[in-house]
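Take a look at this single chain in C-alpha cells; it is the form predicted alone.
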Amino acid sequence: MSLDSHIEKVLWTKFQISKRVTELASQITSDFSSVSPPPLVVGVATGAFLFLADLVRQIQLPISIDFIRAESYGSGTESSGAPRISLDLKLDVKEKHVILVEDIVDTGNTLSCLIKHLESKGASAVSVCTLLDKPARRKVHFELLGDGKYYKGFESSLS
C-alpha cells in the first residue's frame, strides 16, 4: 500500500503550498521590517510545526520562536469548545508583537483562548498566520490584539 493511497482529492499541490508560504513570509517580512523589537513567532503545537518551520526559514527578520499548546480535543476528534493551555511559552511576550502560527483556524475557540492568554501576559499585539482558514466552521469571533494582522495561506469552504 502506498503512503498516499487513502487521499481522495488533492486540494493544493506541494508547489502551490510552497509558493503561498513564500508569499506569506514575504508579506510578514515587509510588514514587520520597521518594527522594533522584531515579532516573536509562536507555533501552536503540534499541528503547526512543519508550516512554522517552512515559514520562518523564509522570514528575513531576526525573529525569536517559541511554542504553545492549547488542547480542546482530548483523545477524540470533536472539540470540547473549552481549550486549555497545556504547554505555555518559555519566552516573555510582555510589550512584544506576537505572531501566532496555526495550521488550521477552524471554530476559532483555540485562537480566541490563545489571544486572551497572550494579552494577559502583556503582549502589545497579536497577529495570526494560518495555513488553512475555514471560516464556514467559525463558532467564536476572535479579535486580534493591538495592530495585529491576519495572514491566511488558503481558505476552504469545506466543513
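On a predicted model such as this, the values are computed, not experimentally measured, just so you know. All residue numbers refer to positions in the sequence shown, first residue = 1.
The following text describes the form predicted together with a small molecule, which does not appear among the structures shown.
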remark   = Students should find that, of L52, V105, L118, I99, the residue having a non-hydrogen atom no more than 4.5 angstroms from the small molecule in the predicted bound form is V105
inquiry  = So, A45 and the small molecule: in the predicted bound form, are they within 4.5 Å at any heavy atom pair?
reply    = yes
query = Within a 4.5 Å heavy atom cut-off, is T110 in contact with the small molecule in the predicted bound form?
reply = yes
ask   = When the small molecule is placed as it is in the predicted bound form, which of 87 to 95, 52 to 60, 23 to 31, 37 to 45 ends up with heavy atoms within 4.5 Å of it?
value = 37 to 45
